[in-house]
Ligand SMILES: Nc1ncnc2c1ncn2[C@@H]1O[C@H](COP(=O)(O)OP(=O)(O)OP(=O)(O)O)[C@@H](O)[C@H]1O
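Given as structure tokens, the chain that follows is alone and in the form predicted on its own.
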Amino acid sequence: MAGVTLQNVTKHYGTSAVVNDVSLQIAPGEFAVFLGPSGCGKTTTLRMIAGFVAPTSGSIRLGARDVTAAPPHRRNTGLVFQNYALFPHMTVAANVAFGLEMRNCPKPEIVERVKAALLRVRLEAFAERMPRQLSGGQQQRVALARALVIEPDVLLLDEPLSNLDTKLRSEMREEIRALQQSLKLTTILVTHDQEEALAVGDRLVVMNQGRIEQIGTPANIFEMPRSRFVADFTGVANLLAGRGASGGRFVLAGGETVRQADAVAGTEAVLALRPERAELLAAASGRHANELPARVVTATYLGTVSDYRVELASGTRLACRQTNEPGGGAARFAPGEAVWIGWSETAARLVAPE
């Protein structure tokens, strides 16, 4: 087990900076998640740590070792690819044994370590099967066993769950997290799925256009995004431009004035309000610091919750997600219905405009 240190790491392709001056320290045993949209530089950063891509400048350390110029097989990292990259002509056991054979481990040791790795991922009964005889989830487990059997200092996961269906993806991320915790193994996961990142990571590294936008715990990133990009990418549907006013007030671009605890008079900002933190009301109730009249534009029933889009008198639109009443069988409010939307002055956060 080793920590990972990136110091001013940059990668250029021609004149384009795919990764731009990234510095980061990951502690031994930590589960870090690189989160961001396609093309943000997260996979390139992971491949530089693995040794498959050479940085243009900067340094990479695994523990105390500077591995910036070291080839992949000298880094002792385990890598699970998005497409698993299993050898189709080899059995499950042979796939898992491959890395050990390349390290010239004794045959009896290989047999025992492969058996232990397959037991760890609950595939001991599948040792003699071929990859084509396995489901997607089972193939993913084989790839994970192959990465773990070499006893890596760092485990690198490049969107390993993206090819699985929703239910299996949820199950597998729980298994990966449990394995990582039991082995106390330094792990880096690349994903564009913010729910996946929140579920497994000790710390999230949110990336955008080759740079780090924000680093923090899942709760920190979710509750306190520092920029419009982070707020938007992590699921804030309501991003409302405006300007702070005196007395903890914030004036929206549409003219509505709301109470906002962190408003600074005269400062332009964007109000980030998660749909789950707002409530639709049939009438003004006085329960919230902010209650504005609106009209329902759309109502989408999603089982336990309903998603609404409402429009204020100024034309400003907001999203709201409400829990449905048991046995209701439909969204509580219908399109065209007059409602009020309410939230507390601490439910939203002001972030810097782009």
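Note that the structure is a prediction, hence the values are computed from the model and not measured. Throughout, we count residues from 1 along the sequence that is shown.
Beyond the structure shown, there is the form predicted together with this ligand, which is absent from this document and is the topic of what follows.
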Exercise for review: Find out whether any non-hydrogen atom of residue 24 is located within 4.5 angstroms of this ligand in the predicted complex, and reply yes or no.
Suggested key: no
- Query: So in the predicted complex, does residue 192 come within 4.5 Å of this ligand, heavy atom to heavy atom?
  - Reply: yes
Heavy atoms within 4.5 Å of this ligand in the predicted complex: does residue 43 have any? yes
Taking this ligand as it sits in the predicted complex, is residue 38 in contact with it (heavy atom to heavy atom, 4.5 Å or less)? yes
Note: this ligand not shown here; in the predicted complex, the stretch from 43 to 51, 57 to 65, 290 to 298, 308 to 316 having heavy atoms within 4.5 Å of it is 43 to 51
With the partner omitted here, the residue among 256, 153, 202, 159 that in the predicted complex has a heavy atom within 4.5 Å of this ligand is 159
Residue within 4.5 Å of this ligand in the predicted complex by heavy atom, from 267, 82, 133, 220, is 82
Taking this ligand in the predicted complex and a 4.5 Å non-hydrogen atom cutoff, the residues of 292 to 307 making contact are none
